[in-house]
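Just one chain is shown here, as structure tokens, and it is the form predicted on its own.
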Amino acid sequence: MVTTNQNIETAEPTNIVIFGVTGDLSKRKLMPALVRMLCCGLVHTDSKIIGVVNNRTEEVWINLVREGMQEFSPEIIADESRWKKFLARLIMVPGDLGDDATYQRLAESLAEINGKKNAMFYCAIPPAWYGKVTGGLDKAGLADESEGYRRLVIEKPFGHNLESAKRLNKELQSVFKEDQIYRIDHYLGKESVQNLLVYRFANSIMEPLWNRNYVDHVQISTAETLGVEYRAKYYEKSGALRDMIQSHLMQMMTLVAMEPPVEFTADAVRDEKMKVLRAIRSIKPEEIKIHTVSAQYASGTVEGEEVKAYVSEEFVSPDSATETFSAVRFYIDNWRWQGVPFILWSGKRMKSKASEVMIRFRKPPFNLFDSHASAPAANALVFRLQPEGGVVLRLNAKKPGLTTDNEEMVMRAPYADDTGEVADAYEILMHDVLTGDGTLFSRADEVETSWEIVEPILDAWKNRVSVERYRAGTWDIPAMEELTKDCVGGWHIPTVRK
């Protein structure tokens, strides 16, 4: 957590309400993040943290919170003073989310601080409950901002397809104004993602090269060594395309490809992102096989451990055709990016864990050193999001010696040498909600347009009965070589620095 003096906007005192406060997201991310935020001033010290809890006493709930801290943030429990200060902020509202009386009790529990009853409602619950919670808040008068601001936070998935996304947006917007709704994507809260924006728009050195004249292609990737873990029931209905590409990676693509906004405000940034989405070329049904890849992990060895196939995972159908690896080749039909492939891919049970944005530049137009050496490799600029955030620039340099033979030189600029200086994504995003900054959150039109783009692929895959397999713990996906065969350098497989 960031502890140094920075120009950080102080949030107003707020009632931070969490629906699903006993769930996994709250335990792993939200509650530890709130403790750290309280300690460093990202949350006002007069704020209250209200958990809506069903079928549990307050004592049982507090013990669950403590157990979660011990498992995921033991340093918080070790600091007794910090833990007690956090406990003093906790308030429990008992009740079922399906009962209107729960929301009346919630309304009565909101503290008036400095003459206001500001409230942030965080829905750490399954998406099927968003409509019910929104309706309950409406009936209790909790969407009205006459006594203070009211902001609703929802987690992805924002719908399952275009129709459901439109239906969800209609439900939310029937109660809350669009500027009250924060659709959270934790990927956009990563420091290295925000650094991409700063790198692009705070440095003039790259802007002349950031276009079709110099960029050969872009690859945006997320490779995971984990399987589906406890998310198998969700994943069977989702797959890699819905889970990662439609949301996280397409958002990343808009940040890479967007034009400079007129100002760094939420609407200005999101307007430019929307222009990118509107310019993405539609993939025709006959092009699906050419421009997409789908595969599913078989058994194998990951980091020295034998792992089972996806179809052998608990809650997965033995004849499942759900993809655990997905790739799509997009084209952005505008002046800057015409003809430049944007290849987005994501896979589980890969050889190593890494998430990157790789901009591959064109080869030099003429090999001056042809008589002595092989042609220099095309330059690449890599934004590493995880596991170690930073920027990598791959250049060509002369090998030491009497010839002009060249070799690749790798220049690394880690985002932070001390990982303690990098804030967690949820800390950044919740602070943005508390200060009313929607820049890193998806707008309704972004969500619907991204679903509209991937829907032809989803329709083509809907009734398939089989899918290609790849061995867990490898990069053995031949279709990726075909997808990138005309790209300089081919498929870029992330390399993890040891």
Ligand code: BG6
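Computed from a prediction, not measured in an experiment: that's the story for all the values here. In case it trips you up, residue 1 is the first one in the sequence shown, and so on.
The next section is about a form of this same protein that is not shown, the form predicted together with the named molecule.
For the options 362, 231, 398, 278, the one in contact with the named molecule in the predicted bound form, meaning a heavy atom within 4.5 Å, is 231. Only one of 89, 353, 160, 329 comes within 4.5 Å of the named molecule in the predicted bound form through a heavy atom, and that residue is 353. Residue heavy atoms within 4.5 Å of the named molecule in the predicted bound form occur in exactly one stretch of 166-174, 81-89, 250-258, 184-192, and that stretch is 184-192. Shown alone here, residue 156 lies within 4.5 Å of the named molecule in the predicted bound form, counting heavy atoms only.
Contact check for residue 386: a heavy atom falls within 4.5 Å of the named molecule in the predicted bound form. Among heavy atoms of residue 243, some come within 4.5 Å of the named molecule in the predicted bound form. The shortest heavy atom separation between residue 349 and the named molecule in the predicted bound form exceeds 4.5 Å. Contact annotation for 205-227: a single residue, 224, has a non-hydrogen atom within 4.5 angstroms of the named molecule in the predicted bound form.
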